[in-house]
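The data below hold one chain only, encoded as structure tokens and taken in the form predicted alone.
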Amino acid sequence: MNNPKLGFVNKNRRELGMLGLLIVLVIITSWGTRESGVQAVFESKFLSSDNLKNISREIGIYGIFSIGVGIVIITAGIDLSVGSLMALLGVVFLYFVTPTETRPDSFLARIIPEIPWIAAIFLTLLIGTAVGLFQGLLVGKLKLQAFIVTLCGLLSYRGLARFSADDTSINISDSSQNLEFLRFLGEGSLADVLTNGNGSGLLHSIPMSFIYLICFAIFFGIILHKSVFGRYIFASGRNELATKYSGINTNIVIAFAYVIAGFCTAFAAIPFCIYTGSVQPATHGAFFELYAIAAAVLGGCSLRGGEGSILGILIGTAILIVLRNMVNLFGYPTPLSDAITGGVIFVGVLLDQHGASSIKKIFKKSH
């Protein structure tokens, strides 16, 4: 008789392994950042309320667009345009909520009208979704290589953002609207939203971006793992030709994956630009596509397609954010976190392609 517990472990072996790694990182960072003379691990800088709140906020923002990229990877695709699209959407969103006279003298800055921030949110989400649809049709319908399509997006969206902003910062503080509640929604906590900034206690330690991530994880987890369309996504990634012969329109399935990625990127772009307070197009969202790919690969999404889970993507995101935080708390140079991210991606791809035995093969003598 099969043991259900063993079946669960075998099915989620990758996710459980990454969860174990996350726990180890948390313990190491907590122990290594204790205050001088303090023996208790719970008195560390890592476990301070402010640090945990900042980590949760970053996990929320990074996790949202990583879910979109992860779903694309499950279809055997890739999306390299995430960071550049976040820069462009950040510029557009801030143009929507700032007066025309405060903007640089560029064509896009002149034609975008100032509108209420609620409408700005919906239009930004619509633009991001439309960009995802455009890329999805190029990849799914016209069968262009996802790498080339999204690489063009990476260059074009960043260039358009820099041109439209005249390569200068766009600041949310230039807005003439009352954006207090918008700030609560973007960079505030659950207590801020529920009590209009007067809350405290546990709810004050839960950033809204983390709440958004939970909602996204539940929603897309149901779509990916509990729906017929989710099975189509996995099938298209495993073997697109066989799936098409089964009567499934894989063109639409693949295109819709990029629509999801575009929507997730647009949603994450809004709280991120509110949190930063400004958008510098040259650097805003830089390398975010790499963090998203790393989070997905770490979480078990195979670059060959057909494998992955929302839970794994969340764990992978948490690992990357904790690694970055650990580097900062230990006092190492910040660029080291980028080197670690590159190493993490390499190890993840190596294990994905050849399994754990690949490590032994490297050092095995050839005969």
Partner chain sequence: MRGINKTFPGVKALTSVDFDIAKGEVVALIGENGAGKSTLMNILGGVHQPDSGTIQVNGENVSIKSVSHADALGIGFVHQELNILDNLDVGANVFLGREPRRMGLIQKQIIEDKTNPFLEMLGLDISPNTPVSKLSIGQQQLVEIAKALSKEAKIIIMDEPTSSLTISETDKLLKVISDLKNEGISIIYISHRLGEVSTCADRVVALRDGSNAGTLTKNEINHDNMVSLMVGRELERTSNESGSNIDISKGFEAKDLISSNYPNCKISFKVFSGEILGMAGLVGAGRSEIAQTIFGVDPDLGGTIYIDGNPIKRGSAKASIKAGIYLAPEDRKRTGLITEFDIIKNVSLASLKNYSNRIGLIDSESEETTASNQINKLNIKTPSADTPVINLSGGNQQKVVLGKWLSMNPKLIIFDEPTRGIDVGAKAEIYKLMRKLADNGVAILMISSDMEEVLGISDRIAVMHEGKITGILDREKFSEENIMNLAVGRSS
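In this text, all values refer to a predicted model and were calculated from it rather than measured experimentally. Residue numbers count along the first chain shown, from 1.
Note that the form predicted together with the partner chain isn't included here; everything after this is about it.
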Does L142 reach the partner chain in the predicted bound form, with heavy atoms at most 4.5 Å apart?
no
Is R110 close enough to touch the partner chain in the predicted bound form, meaning at least one heavy atom pair within 4.5 Å?
no
Is T100 a contact residue for the partner chain in the predicted bound form, using a 4.5 Å heavy atom cut-off?
no
So in the predicted bound form, does any heavy atom of F147 sit within 4.5 Å of the partner chain?
no
Listed residue that, although the partner chain is not shown, lies within 4.5 Å of it in the predicted bound form (heavy atoms), from Y212, F163, F234, F96
F234
Within 4.5 Å of the partner chain in the predicted bound form, heavy atoms considered, which of S156, N239, T168, N196?
N239
Tell me which of 242 to 250, 186 to 194, 134 to 142, 115 to 123 has residues with heavy atoms within 4.5 angstroms of the partner chain in the predicted bound form?
242 to 250
